[in-house]
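Before any questions on how it binds or moves, here is one chain, the form predicted on its own, in structure tokens.
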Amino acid sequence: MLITKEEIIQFIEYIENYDTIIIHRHVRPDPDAVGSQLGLKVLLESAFPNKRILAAGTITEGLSWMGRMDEVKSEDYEEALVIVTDTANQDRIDGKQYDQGQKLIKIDHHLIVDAYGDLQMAYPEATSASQLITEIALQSEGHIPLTVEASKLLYAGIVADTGRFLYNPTPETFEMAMHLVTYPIDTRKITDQFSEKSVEEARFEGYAYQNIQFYDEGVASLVITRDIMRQYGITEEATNIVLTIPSNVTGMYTWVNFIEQEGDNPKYRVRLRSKGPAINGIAEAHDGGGHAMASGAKADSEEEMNEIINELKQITQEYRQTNK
């Protein structure tokens, strides 16, 4: 277990002291953000039926199968406890009134770049925020017991953030998943949610296979423009389906997708991935951050995109020389 007993006790005390609890997570949510947020909401609703538990933020249609957000008003924060899951820095919190509550708790698994909150349970060793929420439930000594619905959401978050247990799962990851699957949840159905694709997405995937650039250094890159998204009838969210393609290509160690944004600030959203070299330093140098093997950044020009590719080439070459 990663979270200390003292933190669990303090967390439960906060929960017990407030009648209204509002849960936030980051903008442009992924399944772990939604899974940890709604999983925690379901847990608290079950354990404390007389409390008002609200989930704040927006959600994409692609994740609507996990649940819906609540309508949260300004006055709801006046005597509320606010919890933020899966969000490293305050700038990325979905819903800017998160700091209007009486107390603030942070539950996160990213590298600590912004220390905020009256209670911080931030553990970069965890592979997902959903893993940490599961751990809170298991260590609560019955105060916040797991439920079937919560287990489904938390398992989905863990599966998604580990790429179906392919990317750096730890013994704690498998331990938490083991506890979740003791409940009657349909693990196959959950996994299928991340592998099924529409006809439009399948055709776009074919485009990606044809247009990914592979470099001798062991780096791959793909540029996805707004015109390409319109041509194939897909959303920016759907471009995620091609992110892991280079991981299956022999000799590729790092890769990057550049997704053109509406407007010019920034011009491109950058998704960085690796199966060896640490890439979070490159992300931080380009107005981003994240994990050693999975990070995000921004690029304002084609020149900056080329800089990122060259930086990936350099760290990949160094990694290959060190790990012959």
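We number the residues from 1 along the sequence you see. Nothing here was measured: the structure is a model prediction, and the numbers come from that model.
As for the form predicted in complex with a small molecule, it is not shown, yet the points below apply to it.
Residue contact check for residue 275: none of its heavy atoms lie within 4.5 Å of the small molecule in the predicted bound form. Shown alone here, residue 297 lies within 4.5 Å of the small molecule in the predicted bound form, counting heavy atoms only. The small molecule in the predicted bound form comes within 4.5 Å of a heavy atom belonging to residue 89.
Mapping the unseen interface onto this chain, residue 288 counts among the residues with a heavy atom inside 4.5 Å of the small molecule in the predicted bound form. Proximity to the small molecule in the predicted bound form, taken as heavy atoms within 4.5 Å, picks out 266-274 from the listed stretches 62-70, 33-41, 266-274, 46-54.
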